[in-house]
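Let's start with one chain on its own, the form predicted on its own, as structure tokens.
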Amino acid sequence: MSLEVVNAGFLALVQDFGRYGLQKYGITNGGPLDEHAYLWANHLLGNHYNASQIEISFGGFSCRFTKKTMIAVCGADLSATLNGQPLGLWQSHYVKSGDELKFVSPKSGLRSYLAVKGGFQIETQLTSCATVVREKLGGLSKTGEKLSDNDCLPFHESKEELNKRVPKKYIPAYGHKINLRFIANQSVTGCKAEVLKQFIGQPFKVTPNIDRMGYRLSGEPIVNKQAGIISQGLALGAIQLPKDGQPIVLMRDRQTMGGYPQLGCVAYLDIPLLAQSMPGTEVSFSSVAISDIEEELRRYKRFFGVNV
């Protein structure tokens, strides 16, 4: 035993960086919805970027450690406490056997990432232990199930004591208004200029209909005379426009193919902001060219050592 789940809360999932190269077989990526928080939690502990963590959504989660180790919690403020005392986010902490960690409810953001030194030792399935509930893949059970009370997640004991913090400039604020950069789809499966103009010219609201597959937005319906398209592969961040004119932004557990016209794709580095947005958050979009953001993404991947 290493980490014992006392209360699994609303939704706690084992996640590593995800499955890559399998979309042609109908298997989605999975992995952390807020990649920024996930990568920083591993970085603080000197872990490989793919080291597995627990993604805790909405709070209600508590656990007990049965070995010494270092931990880091990054992402949403879910009112976390360690042995009843407030736990600082975006920094490393030393824990010992018997220590209890609790996440109550969101103050800002929706999802926290709990990392341990060396990562949790979870058996992989199709190259990854990432939990995808819809596909019944990964996780502790290898059947895509969320964590349950009394589950035990093994990790290697560590007596190393670190004191690291994420620099303030890299800690996002999860506000009630966000702007997302996106690359317009100018292919035959995209939307015409007048449709894109409607899309860019208005704000939307995040609806309660959000999950790891996609975020549904609401606003003035976008009029698009184009019907469906021949189904095509779907990228992380793809913005679909169904017949009701209300956009859907596709996330980590998205389906691999889709036949709705696409307005474009959210910039990769902006997806974590949407992943932490509560229902009611106002979302606006700004069009950018790939050349405007590709160097930023290259620097980001180099810093964290990501090679996929």
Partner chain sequence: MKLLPLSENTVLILFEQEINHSVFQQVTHCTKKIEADLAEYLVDIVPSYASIQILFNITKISLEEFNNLLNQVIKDTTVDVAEDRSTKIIDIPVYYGLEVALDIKHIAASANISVDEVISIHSSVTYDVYAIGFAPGFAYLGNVDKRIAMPRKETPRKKIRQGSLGIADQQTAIYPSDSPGGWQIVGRTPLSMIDYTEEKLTQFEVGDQVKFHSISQSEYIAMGGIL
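Predicted, not measured: the structure shown is a model, and the values here were computed from it. Residue numbers count along the first chain shown, from 1.
If you look for the form predicted in complex with the partner chain, you will not find it shown, but the lines that follow are about it.
The listed set 29, 69, 276, 57 contains one residue whose heavy atoms approach the partner chain in the model of the complex to within 4.5 Å, identified as 29. Just one of 171, 152, 200, 235 comes within 4.5 Å of the partner chain in the model of the complex, counting any heavy atom, and that one is 235. This chain is displayed without the partner chain, yet in the model of the complex the stretch 130 to 138 from 106 to 114, 130 to 138, 215 to 223, 82 to 90 comes within 4.5 Å of it by heavy atoms. When the partner chain is considered in the model of the complex, residue 158 lies well away from it, no heavy atom lying within 4.5 Å. Although the partner is absent from this view, residue 11 stays clear of the partner chain in the model of the complex, with no non-hydrogen atom inside 4.5 angstroms. Contact annotation for residue 240: none of its heavy atoms lies within 4.5 Å of the partner chain in the model of the complex.
Contact between residue 231 and the partner chain in the model of the complex is found at the 4.5 Å heavy atom cutoff. Annotation: in the model of the complex, residues 20, 187 and 293 each come within 4.5 Å of the partner chain through at least one heavy atom. Residues of 276 to 308 placing a heavy atom within 4.5 Å of the partner chain in the model of the complex, in sequence order: 290, 293, 294, 297, 298, 301, 302, 306, 307, 308.
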